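Here's a solo chain for you in structure tokens, the form predicted alone.
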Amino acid sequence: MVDWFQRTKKGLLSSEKKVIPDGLWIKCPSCNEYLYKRELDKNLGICTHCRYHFRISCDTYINILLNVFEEFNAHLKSNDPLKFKASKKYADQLKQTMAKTGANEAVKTVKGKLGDHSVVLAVMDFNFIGGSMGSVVGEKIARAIDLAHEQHLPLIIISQSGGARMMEGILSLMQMAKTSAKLAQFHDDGGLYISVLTDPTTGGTTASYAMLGDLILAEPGALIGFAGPRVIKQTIGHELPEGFQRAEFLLEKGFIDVIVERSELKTTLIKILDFFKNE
């Protein structure tokens, strides 16, 4: 009788677990839906259920926006000027991050075509030490501003940063003044600067070039601020408003001009450039 209950086919009603390769599916932190990674990438990192914007690389932003482009100042890289030591040597952290990302710094600067318009574009990379602004990031931003100034081109900076890089101390903080002064000169001579804020844009980046655009755009739900909400809450001793420091909150308070979905960013920027060209 025991033979009656034995399986005649292997695997029939088996409880063996299927092994799913890592990275194939991603859970949306906003709506908790599971998303197929390949489809998410095709949708520019936007959740198809709730429109949550995942962080994407600086290379992806460049490819989304520009028809053709050429990178400049790619050779510049930090060299641990203060010989900073903590749990990990800064010099070692730089080497490891460069090897992991294939980039020399937390920003890429390119000149290219956005529609019919030649532009200078700088895009920060959160994967490179949190997109932090060190002396080389500040220098590359400054040189991008200079190139736009010299060639009378619109300047676009896409920010994605945790702020100034603490491992470079005062040298990183000096980049706030340097880039702000460059942008003031650029503005006084009639240059057009469009700032695009993505998640997150915080600290010294927010306190300098990120908030100095002639027009300031932001992606939906992006965290934008100086100090983090937890620090502010502890300092003032009060509960913070719902949505505090998110793009929608800043739009309501007048700190940014418009919120633009990533899928509409290229079209929106071209419309802005067309308007100012024909002004």
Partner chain sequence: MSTIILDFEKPIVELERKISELREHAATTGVNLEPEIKKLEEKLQKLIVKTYSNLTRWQRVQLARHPDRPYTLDYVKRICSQFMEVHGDRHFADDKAIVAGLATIDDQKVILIGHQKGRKTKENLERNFGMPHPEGYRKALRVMKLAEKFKRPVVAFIDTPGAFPGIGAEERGQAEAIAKNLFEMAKLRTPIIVIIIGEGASGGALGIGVGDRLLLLENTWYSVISPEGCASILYHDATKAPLAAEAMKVTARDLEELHIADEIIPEPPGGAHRDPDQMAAVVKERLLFHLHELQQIPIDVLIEQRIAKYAAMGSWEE
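Here the structure is a predicted model, which is why all the values come from computation and not from measurement. Positions refer to the first chain, counted from 1.
The following text describes the form predicted together with the partner chain, which does not appear among the structures shown.
Three-residue candidate spot L155, E261 and F276; no residue lies within 4.5 angstroms of the partner chain in the predicted complex by any non-hydrogen atom. From the list 244-252, 60-68, 23-31, 38-46, the contact stretch for the partner chain in the predicted complex under a 4.5 Å heavy atom rule is 244-252. Between the partner chain and the residues S195, S132, S172, T109, the one pair within 4.5 Å by heavy atoms in the predicted complex involves S172.
Using a 4.5 angstroms threshold between heavy atoms, I236 counts as touching the partner chain in the predicted complex. Using a 4.5 angstroms limit between non-hydrogen atoms, A227 touches the partner chain in the predicted complex.
For the chain shown alone, H117 is not a contact residue for the partner chain in the predicted complex, no non-hydrogen atom being within 4.5 angstroms.
Using a 4.5 Å cutoff between non-hydrogen atoms, G191 does not count as a contact of the partner chain in the predicted complex. The partner is not shown here, but in the predicted complex the stretch 129-144 reaches within 4.5 angstroms of the partner chain through a heavy atom at S135, V136, E139, R143.
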